[in-house]
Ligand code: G6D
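Just the one chain here, laid out as structure tokens, in the form predicted alone.
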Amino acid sequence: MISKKYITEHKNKEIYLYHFKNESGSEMKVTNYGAIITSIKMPDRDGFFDEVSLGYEDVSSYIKDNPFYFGCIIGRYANRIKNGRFTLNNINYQLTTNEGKNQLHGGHIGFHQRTWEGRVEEDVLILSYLSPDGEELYPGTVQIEVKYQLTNENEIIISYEGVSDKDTIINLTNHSYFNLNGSKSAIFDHELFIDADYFTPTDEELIPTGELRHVEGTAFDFRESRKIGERIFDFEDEAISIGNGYDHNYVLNGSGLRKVAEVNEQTTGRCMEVFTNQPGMQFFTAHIIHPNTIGSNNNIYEPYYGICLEPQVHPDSPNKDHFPNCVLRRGETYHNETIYKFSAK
């Protein structure tokens, strides 16, 4: 069941909050501003429902400022593009830059700051946005649709589609932060599995160097589930030091829609599995959250109070020929799907 509530008007467009609730009592809230997931409530092993995502109490807070990108759709290109430049069809493009000389998460005004059109079809929320040619200096007018669904099996299904009238680049993801203990403490004791043999080390600006480094013997090996906090401050590892913990893209094993990660939290029994058809996934441990940040339900967030598992194409793929393709050709359809499945053990 999905209900709709009017919230406010922003730049002459109406902002709504969509409230999902399934047969088991689990809930999700999404606003058409930034296509943001503002709340996810899931049961623990005793049936107690609590907030498992990070965010703000009211939608107006996201409109005012969302410096950590809580819960939003990131685009036109998620993550970083070196120098904000790429070449496509022998044409050099200079994008806007908003993180030093690089572009991060789509530029100054990314998809997370746009008001999307929303409609509900049965148990699916469909949010659409028309990104015009030249927006943040990207080529091509791109029509985007993002679909949100909360199933009775406690799956959050996010599917993305896009078409463009010119060849362009695209890389969409959702930037939700998760904390399965209800944000009672940092995520150090969360146990994580990632099905990846390689990750992409970065330079000091968090731009991938182009190397695909094997995780064997490093702090990045999560091929067997272990606590995130075990090596998060292993600053003798240069990659950990650069990211102030984990802020790295993993080269996922397999292809097609498959399970790529699992998070478990022992005190509540909550489990979250991640499925995607994407080739990479950014694992981020949220060191950037400001101390004493006031979140939803009056929770107080601190650094390392959430984890992001963001399926996507590798950062800076437009500039690295051996990275996955991120080009959307005119006449083709971009398709991306991610599922976050919750349970309790």
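Note that residue numbering begins at 1 and tracks the sequence as displayed. Note that this is a predicted model, so its numbers are computed, not measured.
The form predicted together with the named molecule exists for this protein as well; it is not shown, and the discussion that follows is about that form.
Among F111, Y138, Y177, Y250, the residue placing a heavy atom within 4.5 Å of the named molecule in the predicted complex is Y177. Taking a 4.5 Å heavy atom cutoff to the named molecule in the predicted complex, the contact residue among L206, L88, L212, V163 is L206. Note that among 28-36, 43-51, 297-305, 62-70, the stretch whose heavy atoms approach the named molecule to within 4.5 Å in the predicted complex is 62-70. In the predicted complex, the named molecule stays beyond 4.5 Å of every heavy atom belonging to Y56.
Although the partner is absent here, E99 sits close enough that one of its heavy atoms falls within 4.5 Å of the named molecule in the predicted complex. The closest non-hydrogen atom of L104 lies within 4.5 Å of the named molecule in the predicted complex. Interface residue remark: R80 is counted as part of the site for the named molecule in the predicted complex, having a heavy atom within 4.5 Å. Along 277-304, these residues reach a heavy atom to within 4.5 Å of the named molecule in the predicted complex: Q282, F284, I288.
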